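In the block that follows, a single chain appears as C-alpha cells, in the form predicted alone.
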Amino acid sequence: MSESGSIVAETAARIFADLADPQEVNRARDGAWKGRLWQALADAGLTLAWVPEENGGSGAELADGFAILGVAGRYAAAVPLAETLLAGWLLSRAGLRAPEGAMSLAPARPEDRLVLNADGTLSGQARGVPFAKEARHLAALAGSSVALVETAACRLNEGVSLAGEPSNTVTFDSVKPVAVAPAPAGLNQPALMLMGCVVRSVETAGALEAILEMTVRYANERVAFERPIAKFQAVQHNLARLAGEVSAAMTAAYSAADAIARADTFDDVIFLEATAAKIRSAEAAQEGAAIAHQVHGAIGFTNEHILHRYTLRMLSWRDDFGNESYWAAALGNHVAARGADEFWPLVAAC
C-alpha cells in the first residue's frame, strides 16, 4: 500500500472504530449512529474519494478508495459508502459533478439495461440496486451515456437484501436526469460490472479478515471439557480452513484492485483479475461463513452476537454485480472464445 493509501486507510479505521464499533452498533436501538458515521466520513472526504476536486470530491487515487473499502468491510457497517464511491467514480469518468449525500448506482446486475431516450429521459428497470431507498441520487449508465438522477423521480419497490438492507428494484419511467454526459471510451456496462465486482471482493476480504480474528478469539476463550475449544484438533482444522479461505479471498481481491488502480482500460487482464476475485471471494464468503458459525455454535446465530452482521452481508454481496456462477460462465466463455493457443498467454499476462 502507498503512503497516501496508508494514511487514508488509517483515517477510515479511526472513524469506523470511533463511530461504528460492531458491538455498539449491534446494541443500538435506532439508526442514529449512521448519521454520525456518514457525516464523519463525508467531512474527511472519504465518501467522494474517487471524485476529482473540480467535480466536488477529494481526488484520491483508486488505490486509496480500495483501502477505504477494505476497512469498511472489516466493520460491516450498514451505510452506502461503497455505493457512493462507485457512483462518484462513474459520474467523474463522464465529467459530471457529484452531489453531496448518499448515492447508489444502476444497473447493479449484468442482465439489466437502461436506455437514454431521444427526448433525453431514461427508461428501463434495474434490479437489486443496493441502498437505493436511502440514496438521494443515482448514477446511471444508459448505453453510452452516464446520467445523474434524483432517486425521488424513480419508482422503487420495498426489497431488502439477505442482511436486511435496502436492495431495491428501480424503475425508470421516462425519468428526466439532473445531468447527462457521454461515457468515455471503454466505459460500458461490462466495465461497470467488473468495477463493482472488485469493490464487493475487497469488502468481502475485509469482512472475512474480521471474522477470522473473531473466530480465533472465541475459540481460545470458549472452554469445553476444561480446556479451550481451540485445543481440539477438529476446531484447529476448521480454523486452518478458515484462514486459507481468508488468504485466498484477500489475495484475489487486492490483486484485482491493484490491477484496476494501475490500468488505463478494462482489458483482458482486468477481466480475468476481476472475475477471479469475484468468484473466489464469493466462494470464500460461503465457506467462511459456514466455518465461523460452526465454531461459534448456536451463539453465532443469535441477534445478540455480531457474527451475523458480517456473514449476512458477505452472502448478500455475492449477488451484487453478478454472482459467482454468472462470472464463472462468462470467464469460461471468454477463454474458450480466445482458443487453445491463446490460453497460456492470457493467463501469463495477469
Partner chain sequence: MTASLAFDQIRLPPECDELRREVRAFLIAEIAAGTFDPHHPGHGDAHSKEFSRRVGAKGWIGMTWPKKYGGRERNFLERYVVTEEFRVANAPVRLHFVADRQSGPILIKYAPEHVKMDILPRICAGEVCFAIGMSEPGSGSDLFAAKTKATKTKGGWLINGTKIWTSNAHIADYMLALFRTSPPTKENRRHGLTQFLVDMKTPGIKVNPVYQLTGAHDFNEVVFEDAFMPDDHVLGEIDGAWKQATSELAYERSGPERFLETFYVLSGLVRALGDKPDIRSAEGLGRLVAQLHTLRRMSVSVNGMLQAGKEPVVEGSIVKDMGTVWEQKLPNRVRELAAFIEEEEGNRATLEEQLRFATMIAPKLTIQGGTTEVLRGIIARGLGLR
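Small disclaimer: the values here were computed from a predicted structure and weren't measured. Positions refer to the first chain, counted from 1.
The form predicted in complex with the partner chain exists for this protein as well; it is not shown, and the discussion that follows is about that form.
Taken together, the three residues R280, L331 and V347 all come within 4.5 Å of the partner chain in the predicted bound form, as judged by their closest heavy atom. Taking a 4.5 Å heavy atom cutoff to the partner chain in the predicted bound form, the contact residue among C154, L272, A183, M195 is L272. Only one segment in the set 141 to 149, 110 to 118, 76 to 84, 238 to 246 has any non-hydrogen atom within 4.5 angstroms of the partner chain in the predicted bound form, and it is 238 to 246.
In the predicted bound form, the partner chain sits within 4.5 Å of a heavy atom belonging to D341.
The partner chain in the predicted bound form comes within 4.5 Å of no heavy atom belonging to V160. The partner chain in the predicted bound form comes within 4.5 Å of no heavy atom belonging to A13. Proximity of S255 to the partner chain in the predicted bound form: non-hydrogen atoms within 4.5 Å are present. Along 189 to 219, a non-hydrogen atom within 4.5 Å of the partner chain in the predicted bound form is carried by L212, E213, V216, A219, in order along the sequence.
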